[in-house]
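As a starting point, one isolated chain is supplied in structure tokens, in the form predicted alone.
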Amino acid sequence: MLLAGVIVAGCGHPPPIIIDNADSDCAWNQGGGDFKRASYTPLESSDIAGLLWTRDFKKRLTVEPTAAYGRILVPTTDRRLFVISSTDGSRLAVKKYKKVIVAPAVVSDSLAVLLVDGEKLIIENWISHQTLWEADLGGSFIEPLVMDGKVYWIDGKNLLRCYRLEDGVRIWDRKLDNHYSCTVTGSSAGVFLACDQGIIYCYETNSGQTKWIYDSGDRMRNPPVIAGDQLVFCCTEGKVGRLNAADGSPVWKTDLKSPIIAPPASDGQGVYLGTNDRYIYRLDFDSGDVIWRRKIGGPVKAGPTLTENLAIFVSIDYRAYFVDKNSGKILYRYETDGMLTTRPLVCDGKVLIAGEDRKLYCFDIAGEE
């Protein structure tokens, strides 16, 4: 059945399951541009107990895993999506696709949004593996956003599309004027897009109408990061800035004069980021001033992940760095057997890091109660 340009898999598919998340603190940590993606998760302790377990895969892990309700969804380069336990890494399920999943899975309860080789956007029940609906992407590799029962994505025709997640009913489309390669992000203030030329757009979530436009004056390759009612952005040439999400008005801009490939992260007190010339930073959230700077062993290609006391960075020097957020001191480092190019994630008191050495690493940082 064809519905508003979307293929619906058929009648009688099971409805989404609303999952009770009371015993898991990882549901917020979605890939695919979820509005809480680059925030932080409070933990009872940030004591580092070291490596807890590893899980070996047959192929490299180049796409960020997704933590959801005590489960980890891991796309691999051999066209598979593994569902594993966050407790011990044991395999719970696996599904093979016709082509490679090229972006992190986006999860909302039992529904997952998958980007398959830039050709298909597939919405399926990740528990039963039944497809609910799918849409043609036309050559787009930009990660979608799921928010408030809607899914937003950019297709190959440069359309920003908003559909109802549950059944694929079209809500609105918006023709875009510029070229985009950044993840779609959003909050109650709007849907945010950053184009390659460095312009940030905010659109109304329900209509797609433009709310405001901000021109940074520099090129961008990462979306703005949402921290409460504020946005933090970074430009490839080294500028980092903060805006009011409601109207796009600038608060500050700092020039680090270091090339930035990876997105920043913020907990509302600091802005944390790594650069291509092997430095990691904390900036003051209120002023943009540099609080600390540390040199590490290699360039940073993935954004950091934050806990209550830690900023966790990965680098292409094969190492993960667990850094004290206040002092910038490296408390613990772990060397793997391959480059680390995907953002760490936190689930149930554990930090999980995917490596290009075909391994998923799990570190225990919650400590003993």
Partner chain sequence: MNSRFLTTLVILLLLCLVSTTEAQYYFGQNKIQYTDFDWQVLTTEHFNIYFYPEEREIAEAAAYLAEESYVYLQEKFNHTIEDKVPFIVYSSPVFFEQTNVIPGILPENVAGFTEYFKQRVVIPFNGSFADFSHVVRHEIVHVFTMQKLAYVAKMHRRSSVATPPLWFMEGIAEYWSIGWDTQADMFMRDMTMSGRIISIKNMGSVSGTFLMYKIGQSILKYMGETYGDDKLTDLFDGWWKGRSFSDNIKLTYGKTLTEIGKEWEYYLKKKYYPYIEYQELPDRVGKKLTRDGYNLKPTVFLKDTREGRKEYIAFKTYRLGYSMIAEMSFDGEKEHFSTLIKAGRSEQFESLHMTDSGLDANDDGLIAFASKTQESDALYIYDTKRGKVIKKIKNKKLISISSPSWAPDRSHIVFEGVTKAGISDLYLVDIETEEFRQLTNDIYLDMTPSFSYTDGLIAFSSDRQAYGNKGSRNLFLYNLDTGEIVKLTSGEHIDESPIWARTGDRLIFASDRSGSMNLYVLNDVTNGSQTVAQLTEFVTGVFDPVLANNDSTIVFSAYQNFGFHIYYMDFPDSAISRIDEPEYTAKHWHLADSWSFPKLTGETTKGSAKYKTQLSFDIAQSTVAYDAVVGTLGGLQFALTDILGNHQWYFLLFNTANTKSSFLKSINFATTYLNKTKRINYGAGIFHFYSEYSDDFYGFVDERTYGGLLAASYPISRYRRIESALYVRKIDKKTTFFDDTNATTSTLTLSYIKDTSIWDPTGPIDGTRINIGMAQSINIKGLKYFNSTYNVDFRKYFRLASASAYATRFLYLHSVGEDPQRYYLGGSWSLRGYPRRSFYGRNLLLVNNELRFPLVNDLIIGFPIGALRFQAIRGALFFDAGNAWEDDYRDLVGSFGFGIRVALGYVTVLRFDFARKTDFKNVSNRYDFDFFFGWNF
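What you see is a predicted model; the values in this text were computed from it and never measured. Positions refer to the first chain, counted from 1.
There is another form of this protein, the form predicted together with the partner chain, and it is not shown here; the text below is about that form.
In the predicted bound form, none of the heavy atoms of residue 216 sits within 4.5 Å of a heavy atom of the partner chain. Among heavy atoms of residue 139, some come within 4.5 Å of the partner chain in the predicted bound form. Contact check for residue 329: every heavy atom lies farther than 4.5 Å from the partner chain in the predicted bound form. Interface membership of residue 55, defined by any non-hydrogen atom within 4.5 Å of the partner chain in the predicted bound form, is ruled out.
Contact with the partner chain in the predicted bound form, defined as a heavy atom within 4.5 Å, is made by all three of 77, 276 and 318. The partner is absent here, but in the predicted bound form a heavy atom of 102, alone among 132, 171, 199, 102, sits within 4.5 Å of the partner chain.
Among the residues 150, 221, 120, 253, the one placing a heavy atom within 4.5 Å of the partner chain in the predicted bound form is 221. Checking 78 to 86, 204 to 212, 120 to 128, 104 to 112 against the partner chain in the predicted bound form, the stretch whose residues place heavy atoms within 4.5 Å of it is 78 to 86. Applying a 4.5 Å heavy atom cutoff to the partner chain in the predicted bound form picks out 339 as the lone residue from 329 to 346.
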